[in-house]
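This document starts with one chain, in the form predicted alone, laid out as structure tokens.
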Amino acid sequence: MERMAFKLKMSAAIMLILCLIASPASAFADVVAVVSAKSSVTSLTLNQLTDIYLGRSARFPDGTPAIPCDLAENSPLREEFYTQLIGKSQAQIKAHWSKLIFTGRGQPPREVATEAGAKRLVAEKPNVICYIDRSQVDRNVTVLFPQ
């Protein structure tokens, strides 16, 4: 009887692991980069988004200034944005900006405490770019990446 219970528990654990492997995106929020609906920018490539968030570019493709903003450092959405879209861990991002600050070549994105605050800032200022959960997208913002 104990052997059968063990086998059932093992089977359940294996099924859970297989489900998580088969659909890793379901475990994460659907993070999207957004700008104001008033912005002339309507899309970005992953390279353009990465360049803006790593301080390599201060402009959108149309030449207008790009002002990136981040959610608070302890935000799970921030971690997902950097790992899923930018391809870097929080430690790598911190090291990147420490180096740029130390050498005088840049400042990290402005921080906003909440997702609602980020969305409000983006809606009000056409040059600001931030990231939110896709479920928070409305007519006040335009999704730039991924579309």
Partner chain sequence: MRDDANEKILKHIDIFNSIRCAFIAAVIFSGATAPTACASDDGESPTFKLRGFGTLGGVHSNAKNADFTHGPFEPNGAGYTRSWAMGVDTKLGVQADARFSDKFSAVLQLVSKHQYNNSYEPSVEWANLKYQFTPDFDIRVGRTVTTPFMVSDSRLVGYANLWIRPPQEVYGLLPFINKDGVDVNYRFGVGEAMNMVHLSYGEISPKLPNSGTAKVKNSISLANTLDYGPITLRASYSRARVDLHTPETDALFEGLTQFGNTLSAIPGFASIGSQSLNLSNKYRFENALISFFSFSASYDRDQWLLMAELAHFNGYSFLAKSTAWYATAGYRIGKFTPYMTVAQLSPEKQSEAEIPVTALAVIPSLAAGAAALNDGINRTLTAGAFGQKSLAVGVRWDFMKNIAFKAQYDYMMLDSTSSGRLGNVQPNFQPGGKVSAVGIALDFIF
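Positions refer to the first chain, counted from 1. Worth saying up front: this structure is predicted, and the values here are computed from it rather than measured.
In what follows, reference is made to the form predicted together with its partner chain, a form of this protein that is not presented.
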query: Proximity of L121 to its partner chain in the predicted complex, heavy atoms at 4.5 Å; finding: yes
query: Proximity of T42 to its partner chain in the predicted complex, heavy atoms at 4.5 Å; finding: no
query: Contact test in the predicted complex: D62 vs its partner chain, heavy atoms, 4.5 Å; finding: no
query: Interface membership of V31, its partner chain in the predicted complex, 4.5 Å heavy atom rule; finding: no
query: Contacts with its partner chain in the predicted complex - residues in 76 to 97 whose heavy atoms fall within 4.5 Å; finding: T83, Q84, L85, I86, G87, K88, A91, Q92, K94, A95
